[in-house]
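So this first bit is one chain, no partners, the form predicted on its own, shown in structure tokens.
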């Protein structure tokens, strides 16, 4: 299992949301974020998306985010893939892939 964290432009969030919602992923968590990048051009409003996926889904989800979020300009964002040791669904007690 993996955790995908994407930090994208606020104005591209709707495009990313539509693509991911149609893809059938198990769910996502959205947070507002602020930050600056390599060019140090001031704090910018961003959206942080967190998604838990099985390993076979990683490339597909990353490609969808990249295509939907890209403007070709500085500040399009970043995507990080993190290992996920385990995940638990609180309501049912399920764990692992069944909890995604």
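All values derive from a computational prediction rather than experimental measurement. Numbering follows the first chain given and starts at 1.
Below, we turn to the form predicted together with a small molecule, even though it does not appear here.
Asks: Indicate whether residue 1 is a 4.5 Å heavy atom neighbour of the small molecule in the model of the complex.
Replies: No - in the model of the complex, heavy atoms of residue 1 and the small molecule never come within 4.5 Å of each other.
Asks: Evaluate residue 31 for contact with the small molecule in the model of the complex, applying a 4.5 angstroms cut-off between non-hydrogen atoms, and reply yes or no.
Replies: No.
Asks: Indicate whether residue 7 is a 4.5 Å heavy atom neighbour of the small molecule in the model of the complex.
Replies: Answer yes; at least one heavy atom of residue 7 falls within 4.5 Å of the small molecule in the model of the complex.
Asks: Is residue 78 a contact residue for the small molecule in the model of the complex, using a 4.5 Å heavy atom cut-off?
Replies: Looking in the model of the complex, residue contacts with the small molecule include residue 78, since a heavy atom lies within 4.5 Å.
Asks: Taking a heavy atom within 4.5 Å as contact, would all three of 17, 23 and 66 count as contacting the small molecule in the model of the complex?
Replies: No: none of 17, 23 and 66 comes within 4.5 Å of the small molecule in the model of the complex.
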